[in-house]
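Take a look at this one chain, the form predicted on its own, written out in structure tokens.
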Amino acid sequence: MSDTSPRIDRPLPRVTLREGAAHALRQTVLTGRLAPGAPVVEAALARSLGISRAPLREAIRELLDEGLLVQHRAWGGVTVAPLDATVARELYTLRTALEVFAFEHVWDRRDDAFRSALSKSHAALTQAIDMRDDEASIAAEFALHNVVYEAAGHGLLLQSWSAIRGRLALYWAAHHRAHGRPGPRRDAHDDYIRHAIGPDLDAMREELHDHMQRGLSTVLRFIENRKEQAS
């Protein structure tokens, strides 16, 4: 009897306990169930996940590397990275400066590969939004903005961008929760893409400031409301 089962070119990836724990912990942080600044209690998390502390500690190290968690030297504990009004404003100003610099650096070297990468990343972000997957939409939004940083070919700029990604993920997650939706608006990056492949660098600079200022205003209101509810 001939084998009629479909051919699979590659086996499905096996998710390790560490990977599963990292995914669960990342979702817990990005959904706000572990709020910015909250302590990460290993014993309680291990019980809730039904795993030992060893893979959980590996997952915590992964999120420390991502910047979603921070370790405090004074007392050795781990907390979710803070996100208050000061941090939000600093993220806005630093990220705006970094991305304006990235576009200024790459502007005259934009080519078909750059435009194609932007288009594909935008399509992936739209798909994640349509799937209502917040974690995937945040990863896809990083990939979209990462296009210009990679294309700039500036090592220290790329390091600076990587250094704020964890805090930025918290910022975006707060923005999404403030609007009660998983991910940004479906059309939120349409003008960004249009100007990024357009002819006018000044228009791109203006779009970056406007794009990020809109997000800042929403996040600041969300932080203030959360502060009032906690008091």
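Between two forms, the rigid core is defined as the largest C-alpha subset superposing within 1.5 Å. Just count from 1 along the sequence shown to find any residue number. On a predicted model such as this, the values are computed, not experimentally measured, just so you know.
We do not show the form predicted in complex with the DNA, though everything after this point is about it.
Trainee: Which of 66 to 74, 24 to 32, 163 to 171, 186 to 194 has heavy atoms within 4.5 Å of the DNA in the model of the complex?
Mentor: Only one stretch qualifies here: 66 to 74.
Trainee: Please tell me whether any heavy atom belonging to residue 53 falls inside 4.5 Å of a heavy atom of the DNA, as the geometry stands in the model of the complex.
Mentor: Yes, residue 53 lies within 4.5 Å of the DNA in the model of the complex.
Trainee: Using heavy atoms and a 4.5 Å limit, would one call residue 57 a contact residue for the DNA in the model of the complex?
Mentor: Close contact exists here: in the model of the complex, residue 57 approaches the DNA to within 4.5 Å, heavy atoms only.
Trainee: Using heavy atoms and a 4.5 Å limit, would one call residue 200 a contact residue for the DNA in the model of the complex?
Mentor: Residue 200 lies outside the contact set for the DNA.
Trainee: Flag residue 211 as yes or no: does it have a non-hydrogen atom within 4.5 angstroms of any non-hydrogen atom of the DNA in the model of the complex?
Mentor: Output for residue 211 is no: heavy atoms all beyond 4.5 Å of the DNA.
Trainee: Taking the rigid core as reference, does the Cα of residue 54 move 2 Å or more between the shown form and the other one?
Mentor: Residue 54 C-alpha, core-superposed: shift of 2 Å or more.
Trainee: Quick one: core overlaid, is residue 197 moving 2 Å or more at the Cα between the shown form and the other one?
Mentor: After core superposition, the C-alpha of residue 197 moves less than 2 Å between the shown form and the other one.
Trainee: After the core is overlaid between the shown form and the other one, has the C-alpha of residue 155 moved by 2 angstroms or more?
Mentor: No, the C-alpha moves less than 2 Å.
Trainee: With a change of at least 3 Å, which way does the C-alpha separation between residue 138 and residue 64 go in the model of the complex: closer or farther?
Mentor: So the answer is farther.
Trainee: Say whether the C-alpha atoms of residue 155 and residue 62 sit closer together or farther apart in the model of the complex than in the form shown here, given that their separation changes by 3 Å or more.
Mentor: Those two alpha carbons end up closer in the model of the complex.
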